[in-house]
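The chain below stands alone, shown as structure tokens; this is the form predicted alone.
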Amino acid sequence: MAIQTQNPATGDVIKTFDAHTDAEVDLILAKSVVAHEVLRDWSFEKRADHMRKAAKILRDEADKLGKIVTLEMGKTLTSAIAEVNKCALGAEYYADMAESHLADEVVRTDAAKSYRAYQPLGPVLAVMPWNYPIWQVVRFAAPALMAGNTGLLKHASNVPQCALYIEDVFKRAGFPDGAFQTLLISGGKVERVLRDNRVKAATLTGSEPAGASVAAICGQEIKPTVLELGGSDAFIIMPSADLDAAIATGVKARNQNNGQSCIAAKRFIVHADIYEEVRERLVKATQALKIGDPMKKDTDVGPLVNEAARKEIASQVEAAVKDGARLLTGGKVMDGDGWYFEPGVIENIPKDSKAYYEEIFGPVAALYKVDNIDAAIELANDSPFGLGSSIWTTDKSEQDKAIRNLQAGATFVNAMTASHPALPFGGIKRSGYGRELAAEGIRAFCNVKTVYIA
């Protein structure tokens, strides 16, 4: 895939970039090592000062950077600006909390003193996706730099301007030269970087095949990895739920980011007693969404990221209908310029249909009817994925049962699944392993060293 900015709203190629040569990549890796040697000796106070400067740059330039995000991957400008501001909050969180998260932890033994210490590993490669092109980078970069590691970013090839902008933010914030660098390389060049001895670890947010490839390579090289892969999150609605809030949130949770989110509500699992009402209201709310130019403030849903993504989602919906599912609204390619796709709602996907187990990475909600909370949890868990989950109920016993039994990295009760800097984020099963954010995120690429002093 060419490294280029192609506007999803029009299909026009805006800007093309030359890939880094192998020699240029080697120079970048060398600079990363040198920067690590400098950064690891900085105090937490000094790192935090520069991280706060990065946060200020992000906040001050949120409108400017948001427009680049929208231009490159098509999300609404409103949501793009919100994403950049969230990055500022994430950077500030680690500026405030890194020192306490990585403080030595004394352990009582027969030694005069014994403790665990958290020490940085060195250069870490981050392979990042296009759907949250700033947040998913910063949520890695902020803890990595605050721990004393250095970052190497291999971003998705369709968001090069976002990638270069983030690199420049950390440069302007005063981090050592080479502390955070972008690699303009194709996916085929990633293995060479992963196998380089100067790279000490890797993190990937993206597809299951990409994650499996990175994990296999790093397994051979004995390098730690964190993987955040796909999701097919359940959104359970029980009879005691506040239906106004549940439906409004559900439509937002399914169609946020133009439906292209790993933690989007994808499978709506609804109790039979309220199924008909929820179905009717969900369809009406979906039909009311305004689709159009993502740069306009009143647009709810913009285009999908590219033509290939749109074709894949359309084929998934068509296959499900062919297998016996019922398309209630939308779920179709829209005519005209750009890669627009009408948000849809589909029900009765048969269990023997491929669509029952696949992740639909676009604005299509799948509806399922169940008779009780146990059936809802069983259906929610009948998926190869286990990223997030959401349940809507005021029944305490149902809440407790869902929290205890849903197979997911997160369960949100009467709220939309989301990421927060202070809470660990990640999945189980084929949604990946390891955690980003919170204390777990900054410790993920540290040597947890045992220190024993006799």
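So that there is no doubt, residue numbering starts at 1 and follows the sequence shown. Note that the coordinates shown come from a computational prediction; the quantities given were computed from them, not determined experimentally.
Heads up, the form predicted together with a small molecule isn't pictured, but that's what we're talking about next.
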Can you work out whether Gly174 and the small molecule are in contact in the predicted bound form, taking contact to mean some heavy atom pair no more than 4.5 Å apart? no
My question is simply whether Lys223 lines the interface with the small molecule in the predicted bound form - judged by any non-hydrogen atom within 4.5 Å. no
Contact label in the predicted bound form: Ala91 to the small molecule, heavy atom within 4.5 Å: no
Against the small molecule in the predicted bound form, would Glu72 count as a contact residue? Criterion: heavy atoms within 4.5 Å. no
If you check Ala80, Ala144, Cys262, Ala234 against the small molecule in the predicted bound form, which one has a heavy atom within 4.5 Å? Cys262
Quick one: from Thr249, Asn85, Gln256, Ser157, grab the residue that has a heavy atom within 4.5 Å of the small molecule in the predicted bound form. Ser157
The small molecule in the predicted bound form: contacting segment from 317-325, 120-128, 106-114, 274-282, heavy atom within 4.5 Å: 120-128
Check all three, Thr299, Ala365 and Ser389, heavy atom within 4.5 Å of the small molecule in the predicted bound form: no
